[in-house]
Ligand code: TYD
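This document opens with one chain alone, in C-alpha coordinates, the form predicted on its own.
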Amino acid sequence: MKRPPDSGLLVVFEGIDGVGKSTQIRAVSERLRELGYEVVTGREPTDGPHGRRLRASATEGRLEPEAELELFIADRREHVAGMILPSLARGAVVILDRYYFSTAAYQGARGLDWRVILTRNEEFAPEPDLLIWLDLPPEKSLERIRQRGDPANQFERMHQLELSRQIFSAIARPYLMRLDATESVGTIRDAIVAEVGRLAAARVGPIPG
(Lines give C-alpha, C1' and ligand atoms only; values in the text may rest on other atoms or scores of the structure.)
Protein backbone atom coordinates (compact mmCIF):
# COMPACT_ATOMS: atom_id res chain seq x y z
CA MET A 1 0.00 0.00 0.00
CA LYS A 2 1.49 3.33 -1.06
CA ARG A 3 1.05 6.54 0.92
CA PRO A 4 0.97 10.23 -0.04
CA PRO A 5 4.54 11.59 -0.29
CA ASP A 6 3.91 14.21 2.39
CA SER A 7 2.80 11.79 5.10
CA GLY A 8 4.82 10.94 8.19
CA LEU A 9 7.55 8.38 8.57
CA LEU A 10 7.03 4.68 9.26
CA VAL A 11 9.92 2.84 10.92
CA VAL A 12 9.68 -0.89 11.65
CA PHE A 13 11.93 -2.98 13.90
CA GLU A 14 12.14 -6.68 13.10
CA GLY A 15 14.09 -9.75 14.14
CA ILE A 16 13.68 -12.89 16.20
CA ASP A 17 13.03 -12.49 19.92
CA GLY A 18 15.94 -11.40 22.09
CA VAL A 19 17.63 -9.16 19.52
CA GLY A 20 17.07 -5.93 21.48
CA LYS A 21 14.17 -4.32 19.62
CA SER A 22 12.59 -2.82 22.73
CA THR A 23 15.87 -1.28 23.89
CA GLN A 24 16.53 0.32 20.52
CA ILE A 25 12.95 1.54 20.07
CA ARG A 26 13.16 3.36 23.41
CA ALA A 27 16.52 4.92 22.51
CA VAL A 28 15.49 6.03 19.03
CA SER A 29 12.10 7.35 20.20
CA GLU A 30 13.67 9.40 22.97
CA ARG A 31 16.23 10.93 20.64
CA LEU A 32 13.66 11.87 17.99
CA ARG A 33 11.41 13.45 20.60
CA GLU A 34 14.39 15.45 21.83
CA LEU A 35 14.78 16.70 18.26
CA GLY A 36 11.17 17.91 18.25
CA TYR A 37 9.32 15.20 16.35
CA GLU A 38 6.03 13.66 17.31
CA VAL A 39 6.76 9.97 17.79
CA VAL A 40 4.08 7.30 18.07
CA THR A 41 5.09 3.77 19.02
CA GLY A 42 3.15 0.55 18.61
CA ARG A 43 3.65 -3.18 18.64
CA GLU A 44 2.21 -6.24 16.97
CA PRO A 45 0.37 -8.28 17.95
CA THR A 46 -1.53 -5.35 19.46
CA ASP A 47 -3.42 -5.22 22.73
CA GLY A 48 -6.71 -5.49 20.83
CA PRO A 49 -8.93 -8.60 20.97
CA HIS A 50 -7.17 -10.35 18.07
CA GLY A 51 -3.75 -9.47 19.45
CA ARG A 52 -4.61 -10.71 22.94
CA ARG A 53 -5.73 -14.02 21.49
CA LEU A 54 -2.45 -14.34 19.59
CA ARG A 55 -0.38 -13.54 22.67
CA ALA A 56 -2.28 -16.13 24.67
CA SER A 57 -1.65 -18.75 21.99
CA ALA A 58 2.11 -18.24 22.34
CA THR A 59 2.00 -19.70 25.84
CA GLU A 60 -1.18 -21.80 25.84
CA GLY A 61 -0.68 -23.60 22.54
CA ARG A 62 -0.38 -22.50 18.91
CA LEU A 63 -3.38 -22.32 16.62
CA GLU A 64 -3.31 -23.97 13.22
CA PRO A 65 -1.07 -21.94 10.85
CA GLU A 66 -3.91 -20.69 8.63
CA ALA A 67 -6.08 -19.68 11.60
CA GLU A 68 -3.13 -17.92 13.22
CA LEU A 69 -2.36 -16.06 10.01
CA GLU A 70 -5.93 -14.81 9.70
CA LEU A 71 -5.80 -13.50 13.27
CA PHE A 72 -2.57 -11.64 12.52
CA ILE A 73 -4.12 -10.06 9.44
CA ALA A 74 -7.31 -9.08 11.26
CA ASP A 75 -5.27 -7.56 14.09
CA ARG A 76 -3.11 -5.66 11.61
CA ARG A 77 -6.08 -4.29 9.68
CA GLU A 78 -7.37 -2.73 12.89
CA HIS A 79 -3.93 -1.40 13.77
CA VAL A 80 -3.44 0.17 10.34
CA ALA A 81 -6.87 1.81 10.31
CA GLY A 82 -6.96 2.88 13.94
CA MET A 83 -3.40 4.01 14.65
CA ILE A 84 -0.85 3.72 11.86
CA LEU A 85 -2.56 5.61 9.02
CA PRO A 86 -4.05 8.41 11.20
CA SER A 87 -0.67 9.01 12.84
CA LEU A 88 1.14 9.10 9.50
CA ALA A 89 -1.52 11.43 8.07
CA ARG A 90 -0.72 14.08 10.67
CA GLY A 91 3.02 13.78 10.01
CA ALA A 92 4.12 11.71 12.99
CA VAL A 93 7.06 9.35 13.07
CA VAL A 94 5.49 5.93 13.71
CA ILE A 95 7.80 3.28 15.17
CA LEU A 96 6.59 -0.32 15.29
CA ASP A 97 7.87 -3.29 17.24
CA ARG A 98 7.12 -5.99 14.61
CA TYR A 99 4.93 -5.73 11.53
CA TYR A 100 3.92 -8.00 8.67
CA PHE A 101 7.50 -9.09 8.05
CA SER A 102 7.39 -10.99 11.35
CA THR A 103 4.15 -12.63 10.24
CA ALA A 104 5.85 -13.75 7.04
CA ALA A 105 8.91 -15.04 8.92
CA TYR A 106 7.13 -16.86 11.72
CA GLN A 107 4.19 -18.22 9.72
CA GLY A 108 6.57 -19.10 6.90
CA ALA A 109 8.54 -21.15 9.42
CA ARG A 110 5.35 -23.13 10.00
CA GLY A 111 5.09 -24.01 6.32
CA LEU A 112 3.05 -21.20 4.79
CA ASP A 113 4.33 -19.30 1.75
CA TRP A 114 6.00 -16.21 3.21
CA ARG A 115 6.01 -14.41 -0.13
CA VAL A 116 2.23 -14.75 -0.38
CA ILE A 117 1.93 -13.43 3.18
CA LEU A 118 3.93 -10.33 2.26
CA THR A 119 1.76 -9.75 -0.80
CA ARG A 120 -1.50 -10.12 1.12
CA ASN A 121 -0.39 -7.63 3.77
CA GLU A 122 0.96 -5.07 1.33
CA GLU A 123 -2.48 -4.83 -0.26
CA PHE A 124 -3.71 -2.91 2.80
CA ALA A 125 -0.74 -2.19 5.09
CA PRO A 126 1.58 0.74 4.25
CA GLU A 127 5.16 -0.24 3.51
CA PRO A 128 7.72 1.23 5.92
CA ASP A 129 10.15 3.97 5.04
CA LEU A 130 12.78 2.11 7.04
CA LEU A 131 12.80 -1.58 7.94
CA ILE A 132 15.40 -2.30 10.61
CA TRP A 133 16.35 -5.96 10.87
CA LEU A 134 18.33 -6.67 14.03
CA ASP A 135 20.02 -9.97 13.20
CA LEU A 136 21.11 -12.44 15.87
CA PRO A 137 21.80 -16.21 15.82
CA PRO A 138 19.02 -18.17 17.61
CA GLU A 139 21.35 -19.60 20.23
CA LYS A 140 22.32 -16.08 21.32
CA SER A 141 18.67 -15.04 21.18
CA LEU A 142 17.61 -17.82 23.56
CA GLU A 143 20.57 -17.06 25.83
CA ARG A 144 19.44 -13.44 26.14
CA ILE A 145 15.87 -14.55 26.83
CA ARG A 146 17.06 -16.83 29.64
CA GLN A 147 19.29 -14.09 31.07
CA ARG A 148 16.36 -11.70 31.38
CA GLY A 149 14.40 -14.39 33.22
CA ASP A 150 11.71 -14.96 30.62
CA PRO A 151 10.60 -18.51 29.76
CA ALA A 152 10.82 -19.27 26.04
CA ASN A 153 7.32 -19.34 24.56
CA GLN A 154 6.00 -21.28 21.57
CA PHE A 155 7.35 -18.68 19.15
CA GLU A 156 10.88 -18.96 20.59
CA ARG A 157 11.97 -22.56 19.96
CA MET A 158 15.40 -23.00 18.39
CA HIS A 159 14.39 -24.68 15.13
CA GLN A 160 11.54 -22.27 14.51
CA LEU A 161 13.77 -19.30 15.25
CA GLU A 162 16.37 -20.52 12.77
CA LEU A 163 13.72 -20.95 10.05
CA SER A 164 12.33 -17.50 10.82
CA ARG A 165 15.80 -15.99 10.64
CA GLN A 166 16.35 -17.59 7.23
CA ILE A 167 13.16 -15.98 5.95
CA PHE A 168 14.14 -12.60 7.36
CA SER A 169 17.44 -12.95 5.49
CA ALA A 170 15.60 -13.69 2.24
CA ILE A 171 13.38 -10.60 2.39
CA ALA A 172 14.73 -7.98 -0.01
CA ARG A 173 13.39 -4.44 0.17
CA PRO A 174 15.11 -1.17 -0.80
CA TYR A 175 14.32 0.30 2.61
CA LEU A 176 15.85 -2.62 4.58
CA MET A 177 18.68 -1.87 7.02
CA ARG A 178 20.36 -4.97 8.50
CA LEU A 179 22.27 -4.50 11.73
CA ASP A 180 24.31 -7.01 13.70
CA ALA A 181 22.53 -7.32 17.04
CA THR A 182 25.74 -8.53 18.73
CA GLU A 183 27.15 -4.99 18.44
CA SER A 184 26.94 -2.73 21.48
CA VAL A 185 23.68 -0.99 22.30
CA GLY A 186 25.28 2.40 21.67
CA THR A 187 26.71 1.45 18.29
CA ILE A 188 23.39 0.13 17.06
CA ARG A 189 21.47 3.08 18.47
CA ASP A 190 23.71 5.65 16.82
CA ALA A 191 23.45 3.97 13.42
CA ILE A 192 19.66 3.85 13.62
CA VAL A 193 19.28 7.40 14.91
CA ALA A 194 21.46 8.72 12.07
CA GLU A 195 19.42 6.93 9.40
CA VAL A 196 16.04 7.75 10.93
CA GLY A 197 17.09 11.37 11.31
CA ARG A 198 18.11 11.56 7.66
CA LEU A 199 14.80 10.08 6.49
CA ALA A 200 12.77 12.16 8.91
CA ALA A 201 14.42 15.35 7.72
CA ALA A 202 13.57 14.51 4.13
CA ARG A 203 10.03 13.30 4.79
CA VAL A 204 8.74 15.26 7.80
CA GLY A 205 10.86 18.38 7.56
CA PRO A 206 14.23 19.75 8.70
CA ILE A 207 15.40 18.91 12.20
CA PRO A 208 14.22 21.69 14.51
CA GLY A 209 16.72 24.10 16.06
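Everything numeric in this text was worked out from a predicted model, so none of it was measured. We number the residues from 1 along the sequence you see.
The following text describes the form predicted in complex with the named molecule, which does not appear among the structures shown.
Three-residue candidate spot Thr23, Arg144 and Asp180; no residue lies within 4.5 angstroms of the named molecule in the model of the complex by any non-hydrogen atom. Contact with the named molecule in the model of the complex, defined as any heavy atom within 4.5 Å, is confined among 39 to 47, 136 to 144, 172 to 180, 25 to 33 to 39 to 47. The named molecule is not shown here, and in the model of the complex it never comes within 4.5 Å of any heavy atom of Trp114.
When contacts are judged by a 4.5 Å heavy atom cut-off, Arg52 does not count as touching the named molecule in the model of the complex. Taking the partner from elsewhere, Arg98 is found to have a heavy atom lying within 4.5 Å of the named molecule in the model of the complex.
Under a 4.5 angstroms non-hydrogen atom cutoff, the named molecule in the model of the complex lacks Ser87 among its neighbouring residues. Interface residues of 104 to 118, taken as those with a heavy atom within 4.5 Å of the named molecule in the model of the complex (partner not displayed): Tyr106, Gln107, in sequence order.
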